[in-house]
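Consider the single chain below, provided in structure tokens and representing the form predicted on its own.
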């Protein structure tokens, strides 16, 4: 018996361009799932095929035991929330949310109860009588969410719904979306190019590139153990450094960068004697924190960029390469200045080896 959402080798082309290329994955029932990737990677097209707004050229889509191929959008157990809220400007929040139940001819008393439950779920029960122009951006997005949830869809599809909000509101809505998803128990399928959103909210993340799934897993799995160079560079910030490969055995390697030799974990084994290692900014220790790290070198600070909670340093390391280091800012410490000589260190488990081409 199938549960959740299943895509089986789904493909879609537009005028000869293959937007989605044989994508397969399974989303467990009641989970929060994110499709993450750069613009044009196929994530929104995948979502539109789930919703019924597009039909796949190949493959099959299942929601539970029901095949969705050929089923129109209005007959699917789904609803969709867009980046632009598309609220009716002449209607109150209540009437916007009530639109779906009204079309479905839900009795008036039941309709009112369902609408108020949906508005209460998103924290807007006291704003039911306001029109969109009387609401903030975050409140309008909540009304759009309530309108999608009032029909109790089995699967809620969200296409970059926080993109029009400012940073503070986005962070607040991330927490709210996760809370709402846990409360209603529906499957949420969330499309975004924002890695922070995907990592914060998701039970599973699928990273897409050129119409295909590069890697899929729990947020900490895809972040800590990227399977490809693309995933390592797209998800988080990483130094990508060309190295020579001295030894390769199983999941471990010995690599050299100039005169500096150090171990690395193998993300994807190179075919020859050269490759690229990914070393995340935050994995490099700087100054006294570098003491005791298995891999050690020295460097000179070329630039420092203060961002409040951290400082990004561009550092010329002694073997002749540059590193960007993210150092958590401490209130009682001043950032190092340009020209300062500092110790650098990291652990071999923080380094992942990939082929030069990706």
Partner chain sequence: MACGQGRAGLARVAAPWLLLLPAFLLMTYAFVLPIGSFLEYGFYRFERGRLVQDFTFETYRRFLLDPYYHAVILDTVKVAAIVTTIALLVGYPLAYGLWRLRSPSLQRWFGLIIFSPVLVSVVVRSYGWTVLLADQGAVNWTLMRLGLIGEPLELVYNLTGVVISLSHVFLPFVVFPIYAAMTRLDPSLREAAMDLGAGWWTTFRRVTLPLTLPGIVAAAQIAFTLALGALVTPALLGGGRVLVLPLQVYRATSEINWPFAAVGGLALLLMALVAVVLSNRLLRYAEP
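Numbering follows the first chain given and starts at 1. We call the rigid core the largest set of C-alpha positions that still match within 1.5 Å between the two forms. These numbers were taken from a predicted model, which means no experiment stands behind them.
The same protein has a further form, the form predicted in complex with the partner chain, not shown here; the description that follows concerns it.
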| query | finding |
| --- | --- |
| Residue contact check: residue 271 to the partner chain in the predicted complex, 4.5 Å heavy atom | no |
| Touches the partner chain in the predicted complex: residue 26 (any heavy atom, 4.5 Å) | no |
| Contact label in the predicted complex: residue 230 to the partner chain, heavy atom within 4.5 Å | no |
| Distance check, residue 86 to the partner chain in the predicted complex, heavy atom within 4.5 Å | yes |
| Among 143 to 151, 244 to 252, 189 to 197, 282 to 290, the region lying within 4.5 Å of the partner chain in the predicted complex by heavy atom distance | 143 to 151 |
| Proximity to the partner chain in the predicted complex, single hit among 170, 265, 112, 131 (heavy atom within 4.5 Å) | 131 |
| The unique member of 100, 138, 123, 217 whose heavy atoms fall within 4.5 Å of the partner chain in the predicted complex | 100 |
| Heavy atom within 4.5 Å of the partner chain in the predicted complex - qualifying residues of 4 to 33 | none |
| Displaced residue check between this form and the one not shown: residue 196, CA, 2 Å or over, core reference | no |
| Core-aligned CA displacement of residue 135 at least 2 Å between this form and the one not shown | yes |
